[in-house]
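One chain comes next, on its own, written as C-alpha cells: the form predicted on its own.
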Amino acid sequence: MVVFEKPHGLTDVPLHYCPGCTHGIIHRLVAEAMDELGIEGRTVGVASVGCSVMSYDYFNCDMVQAAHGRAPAVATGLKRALPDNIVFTYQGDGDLAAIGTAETVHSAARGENITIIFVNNAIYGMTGGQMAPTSLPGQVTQTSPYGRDVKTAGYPVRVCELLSSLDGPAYLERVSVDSPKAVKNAKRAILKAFRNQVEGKGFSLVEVLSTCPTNWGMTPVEALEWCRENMVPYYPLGVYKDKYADEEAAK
C-alpha cells in the first residue's frame, strides 16, 4: 500500500526556493488538486513574477509566463479562448497586491471562471526583502528599517476582505501552511477552488499565508512561529465568500 508519494502534477525538477520557504508545500497542494480532480492534461498555469517565477518548471501541466502583475489578465484571455481548459495563476503578494492590483480586482469583479493561488509572505522575496503591500505595521524590512510606519506607508492590503465586497467572486478563503493541521485545511481550500472552476462556478481565490525565513532574518522554525503569532492575527483565516454555499443556506 502506498502511504505517501510525489504527486504526478509535480515534475522531478529540484525546487530553487530557500530552506524553510513554504512555496514547496503550496506547490504540492496545487499538484495534488490536479491529480485528485484528474485535470492535469487540460490545465494551464500562469506563472507570476517573483520568487515563484520559475513555477513553470515545477508543475506538470502547460504553463504560461505573464508580465509582472498581469497573470489574472493573461488567465482571463486563456480561459475565454480555451473555455474547456482549467486555468490558474500562482502569484505572490508583491505581484498580485501591488503592480497587479487592478488585474486582480477587475478579474474578480467580472467573475472570471479562473482559480488564483495567492501566496502572502508579507515581503518582497525575490528582490531582497523590501516592504510589500502586505507587510505588517511595524514590520522591519529593507525599505522600512525602523518598521512599517502606517502614517507614511499606509496600512497593509487585506486582499480577501477587499475582494469580498465585490459581487463577482464565487469563493474567497484565507488559509495558512504553518502547521500540519493548517496544511490539511489549505489543501481542502485549494481543491475546492479548482473544483469550482471545473463546475463553472466562477472566480475563486485562495490566499495562503506563507513564510520567508531568509528575508525575515529567521530560522525556518522561527518563521513558522512568527507567521502564527503575527500574520494570522492580522490576516484572520477563514472563508470570506462562498457564493454558492450562501445561496444554498438561504434556501
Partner chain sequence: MSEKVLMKGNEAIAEAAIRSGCRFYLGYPITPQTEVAAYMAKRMPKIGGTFLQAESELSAINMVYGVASAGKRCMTSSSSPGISLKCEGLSYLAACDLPSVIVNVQRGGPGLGGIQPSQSDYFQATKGSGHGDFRMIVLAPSSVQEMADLTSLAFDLADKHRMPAMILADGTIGQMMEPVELAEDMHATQYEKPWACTGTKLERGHNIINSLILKPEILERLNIERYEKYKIVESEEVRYEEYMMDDAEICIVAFGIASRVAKSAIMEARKQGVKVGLIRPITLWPFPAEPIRAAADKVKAFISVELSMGQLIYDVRLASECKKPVHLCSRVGGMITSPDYVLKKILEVNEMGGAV
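Residue numbers count along the first chain shown, from 1. Not measured: the values here are computed from a predicted model.
Although not depicted, the form predicted in complex with its partner chain is the subject of the following passage.
This chain is displayed without its partner chain, yet in the model of the complex the stretch 100-108 from 128-136, 100-108, 174-182, 152-160 comes within 4.5 Å of it by heavy atoms. When contacts are judged by a 4.5 Å heavy atom cut-off, Ala170 does not count as touching its partner chain in the model of the complex. In the model of the complex, at least one heavy atom of Arg70 sits within 4.5 Å of its partner chain. Although the partner is absent from this view, Asp57 contacts its partner chain in the model of the complex, with a non-hydrogen atom inside 4.5 angstroms. Mapping the unseen interface onto this chain, Glu36 falls outside it, with no heavy atom inside 4.5 Å of its partner chain in the model of the complex.
Of the listed positions (Leu191, Val64, Val198, Met218), a single one reaches within 4.5 angstroms of its partner chain by any non-hydrogen atom in the model of the complex, namely Val64.
Shown here without its partner, the chain carries Thr141, Met231 and Leu237, none of which come within 4.5 Å of its partner chain in the model of the complex through any heavy atom.
Within 4.5 angstroms of its partner chain in the model of the complex, the stretch 6-44 places a non-hydrogen atom from each of His8, Thr11, Glu40, Gly41, Arg42, Thr43, Val44, taken in sequence order.
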